[in-house]
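The chain below stands alone and is given as structure tokens, in the form predicted on its own.
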């Protein structure tokens, strides 16, 4: 990793196995699957008694909408979004932006319906333990034509390219994130830790599949983007919550501005790989489902020394080694559209 990560083993973490558990640093490959990565990662968040009080909020039903067809969804997702210069400047300053009406309400409802089917198929609905997990699915665009429309959407990819100010962007991966009722906080982090890409031209489109009230745990962003400089030398600890706690303390002592606000239906956020963010626990009885698509500038290389914090990264960039250009068949150019088909 490009910034310093030194681990002092203060306690064991039973989510780790093999050399991930035995070695004090992170300079080794992740030795389990990506769901196990998330099961480990959420243990690094500092949760207070208030976060874990067990009182879940019943939300009103999500309104019913006429569900669009596959063709109607695809047509919506190839149409351009009116992104303004001021919005691009706000992203460059703050490291994130929330944009209204990126998706229609019908497209959001259709997305949630499809993602819940995939989650049920993968994880089942009759689990008797660990019901408050953070569930993750990746690479759904390879298996599901409807999800492919959302992941490879020219509408979303163009926004990402314009926010970064680059001409061409590739997909790193899609990530279906389901924070179940009662699941605790996501630790403070920036995605530069997680994506082994040797560039700062990386952005994630965070696409909620339902409205997200405060009780459900929307993303909280620290701003401006430059606040990462305040905490870049804090030692990451893979065994306990000390890294998260030190970030909290540093932001508090420096009066860092935090933005936490609900997500309306159809609202999508975009955040830079050095934007520090977290999310509170899901204190509702409804699973918070999000599709997160990460894009990067064409031409970027894999870092020289990927670490376990990047999870099973070779699943997303197969047959590409450290130092090589990240341009596998699973990293298509998403903007401009169809460029690879045209042989350019």
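Positions refer to the first chain, counted from 1. Only a predicted model underlies this, so the values are computations on that prediction, with no experimental measurement involved.
The same protein has a further form, the form predicted together with a small molecule, not shown here; the description that follows concerns it.
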Report summary line: Of the candidate stretches 102-110, 154-162, 246-254, 176-184, the one with residues having heavy atoms within 4.5 Å of the small molecule in the model of the complex is 176-184
Report task. May I ask you to choose, among 98, 189, 133, 223, the residue with a heavy atom within 4.5 Å of the small molecule in the model of the complex? Result -> 189
Report summary line: Answer key, the small molecule contact in the model of the complex at 4.5 Å (heavy atoms) among 309, 36, 292, 302: the residue is 292
Report task. Would you please decide whether residue 238 lies within 4.5 angstroms of the small molecule in the model of the complex, comparing each non-hydrogen atom pair? Result -> no
**Report entry** Close approach of residue 170 to the small molecule in the model of the complex, 4.5 Å, heavy atom
**Finding:** no
Requested in this report: Answer for residue 270 alone: is it within 4.5 Å of the small molecule in the model of the complex, judged on heavy atom distances?
Outcome: no
Report task. Verify the contact flag for residue 317: yes if a non-hydrogen atom of it lies within 4.5 Å of a non-hydrogen atom of the small molecule in the model of the complex, no if not. Result -> no
